[in-house]
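One chain is shown next in structure tokens, namely the form predicted alone.
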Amino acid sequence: MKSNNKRKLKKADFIILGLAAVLVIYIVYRIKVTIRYEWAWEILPKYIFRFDDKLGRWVSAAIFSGFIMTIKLSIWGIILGTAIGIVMGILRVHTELFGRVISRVYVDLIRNIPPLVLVFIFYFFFSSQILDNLGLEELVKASGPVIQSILTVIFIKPSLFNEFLSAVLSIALYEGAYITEIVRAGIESIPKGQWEAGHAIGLSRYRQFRHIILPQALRNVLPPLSGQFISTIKDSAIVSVISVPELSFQGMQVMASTYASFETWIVITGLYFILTFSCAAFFGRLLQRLKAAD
């Protein structure tokens, strides 16, 4: 018999929903009566999409452009953070002492530094001292219009390339420290007998790890990794302090120019929720399929 996984709403659920509705109504009442805030929702749509007369079509405005930038930061931060986390996680359980020391120092250092400090370190040192001396931004600006267009779509416009790279690297290093521990725990969760079985059939330690341990470990780490990916999206807001035009930064710009504080941040909150909830739903479906395949 197939089990019915659909959960019926109970009396407690209706009570919670009712209390939440009362709380929302009370907050709106306090804003309207006590603060005497005048809602101005009609001014926000033009900051999401606007019609460009020169192009003759609708284009993304500040808020939606920030939403796209948040997606770019999250994707690149997740890719680089996962790569760092996997390498450091493997080193954490490596037989060589040097590898274990390197990964342990990295994890302890990064996890005990506030992410805001890490962003500033990369912005004021890495960007202004290293990237400027390498002339990377000038190289991007000197490239042809086609290359610049491609880089703008994938990363950011050339004038903000150094800031974007600093933001991505700081996010990747910060998230990579947590992914390192997730990978380490996943590898250590595999029973010792799996190593012994691989050794018994004549596999080298590398082949044991590649063909036996790693596939099982990756399956074990997927649930916490999905949570860390969603956390990366939310943590990306911190790079607004170095003027990377992601969602929170654009929200502050719109709020400063329109004084529509509540409307702006309600929209920003909704966009963050759409992004994180979509990721949570995707990973939830993925984990269900993997579980059903076992």
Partner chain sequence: MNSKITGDTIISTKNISKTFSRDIKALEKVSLEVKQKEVVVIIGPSGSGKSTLLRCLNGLEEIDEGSITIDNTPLDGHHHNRLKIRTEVGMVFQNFNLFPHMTVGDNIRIGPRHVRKQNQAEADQITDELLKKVGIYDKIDAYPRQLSGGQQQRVAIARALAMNPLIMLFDEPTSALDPEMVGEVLEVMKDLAHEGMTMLVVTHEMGFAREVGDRIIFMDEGKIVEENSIDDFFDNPEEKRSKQFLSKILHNGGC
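Residue numbers count along the first chain shown, from 1. Quick caveat, the model's predicted, so the values are computed rather than measured.
There is another form of this protein, the form predicted in complex with its partner chain, and it is not shown here; the text below is about that form.
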| item | value |
| --- | --- |
| Partner-contacting position among V105, I201, I154, V117 - heavy atom within 4.5 Å of its partner chain in the predicted bound form | I201 |
| is_contact(I212, its partner chain) in the predicted bound form, heavy atom dist at most 4.5 Å | yes |
| Partner proximity in the predicted bound form: A197 to its partner chain, non-hydrogen atom cutoff 4.5 Å | yes |
| Non-hydrogen atom contact S143 with its partner chain in the predicted bound form at 4.5 angstroms | no |
| Distance check, G193 to its partner chain in the predicted bound form, heavy atom within 4.5 Å | yes |
| Segment assignment from 160-168, 108-116, 173-181, 212-220: heavy atom within 4.5 Å of its partner chain in the predicted bound form | 212-220 |
